[in-house]
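Heads up, the chain below is alone and in the form predicted on its own; it's given as C-alpha cells.
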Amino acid sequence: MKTRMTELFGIKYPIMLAGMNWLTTPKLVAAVSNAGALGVLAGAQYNPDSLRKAIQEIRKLTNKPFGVNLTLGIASGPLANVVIEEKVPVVNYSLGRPPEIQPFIQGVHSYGGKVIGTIALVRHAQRSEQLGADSLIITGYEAASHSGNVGALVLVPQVVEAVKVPCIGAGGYADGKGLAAALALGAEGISMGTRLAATKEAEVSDAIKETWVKSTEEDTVIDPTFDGINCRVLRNKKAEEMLKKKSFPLFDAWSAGMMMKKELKIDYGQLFKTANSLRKSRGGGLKGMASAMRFSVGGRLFRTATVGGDPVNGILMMGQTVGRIHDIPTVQEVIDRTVAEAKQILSKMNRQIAD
C-alpha cells in the first residue's frame, strides 16, 4: 500500500507503532519494522545511556527504518542529543513548546531524519507544520494517549484540510476497517498502540495482555486526574480511587519526582528544570505546576501496571480500541491481516462506485 506516509519513511505499509512508555521495547519496535511498518520506541522511559543502548539494540534486530518518540520537557535536552547523535531515521515528538521544538526539528533534519509531530488540535497541527514537522499524528479522543475532546471522524479531516504535510490517524485503530476509514478521511496511514502491544513479541505480562483481550470499549475512562492532561486508562480500582479523590498527597508527588531523578540519572538542578519545563508546557503558573506534579505521580502508576504487571493497583493506559482486540497474535499477523482487510474493503468500495 503506497501512500505519502510510506514514501516519506521508506516503509512498506502505512502503519506505525505508537511510542508507549514501558511497552515499546527494542524487540517490539524491531518486530514492527521487520513486518513492513514503522516501529517506534518511547524514549522518555530511558536515561541518555540506556536510550543509546536501546537504539543500538534495535539496529542489531532490524535494518529497516524505525523511530523514537520523545516527550519534550522530560529531560528532553540529553535525550534529544542522543537521538540526534545516533541519527535515528524518524523522530516523533509530543508536547513541548516552540522554543524547544524548532531547534530539535532542525537537529533531526541536519542528518536527513524525518520528524513527526503529535497533535490533538488543529491550531497545534498548523504550528507544528510551521516549525518544520514533516508529518503529523492526529490523536483522536478514542486514543489511550493524551488527546483533546474531538473524535477521529471529525478531527482527522479537519486537520488534513488545514495542513499540507502527510497526516497519520491515531486512536481507535486496530484492524483493516480502521485503516480503510483513516485513508477515506484523508490520512496517509495509522498509528496503532494497544493493538500492537497486545502481541506475542510485546514484553509485557500475561495479566496485562489478558486485560486487553477481555476489556470492552466501555471499560476505559478519560480524565486529567491521572497525569495532568486528558489521558484514557483502564477503569480499574486505582483509577476509581483517583477519580473519587481528584487530588493526591504531596508526598506522592515528591517520591515520584525522586523516582524520575533516579531513572533519568539527573541531579536536583536538572530535576527542577524538567519540572519547570513541564509546568510551562502545561499552561504555566500553579495550574501548570499541579499538572507537572500529577505527571510524575502518573508515571509511577503507569509503570506499576506495565512493568509490574499489576492492572489493578497501577494505572494502565489503553484506548477504546480494546473493544476490537480479541487475541494475541504475532506482530506480523496483525500487520498482514490489517493490510489485507483494508485492501479488500477499499476494493469493494471501488467496485460499488463503479457499479
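Quick caveat: nothing in here was measured; it's all calculated off a predicted structure. Numbers follow the displayed sequence, beginning with 1.
The same protein also has a form predicted in complex with a small molecule, omitted here; what follows describes it.
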- Item | Among 109 to 117, 200 to 208, 157 to 165, 170 to 178, the region lying within 4.5 Å of the small molecule in the predicted complex by heavy atom distance | 170 to 178
- Contact between Thr139 and the small molecule in the predicted complex at 4.5 Å, heavy atoms? yes
- Message: Test of understanding: in the predicted complex, would Ser145 fall inside 4.5 Å of the small molecule by heavy atoms?
- Response: yes
- Query: According to a 4.5 angstroms non-hydrogen atom cut-off, is Ala18 in contact with the small molecule in the predicted complex?
  - Reply: yes
- Message: Whether Ser128 contacts the small molecule in the predicted complex should be assessed with a 4.5 Å heavy atom distance threshold; does it?
- Response: no
- Message: I need to confirm a contact call. Of Ala31, Ile55, Leu301, Ala42, which residue comes within 4.5 Å of the small molecule in the predicted complex, counting heavy atoms only?
- Response: Ala42
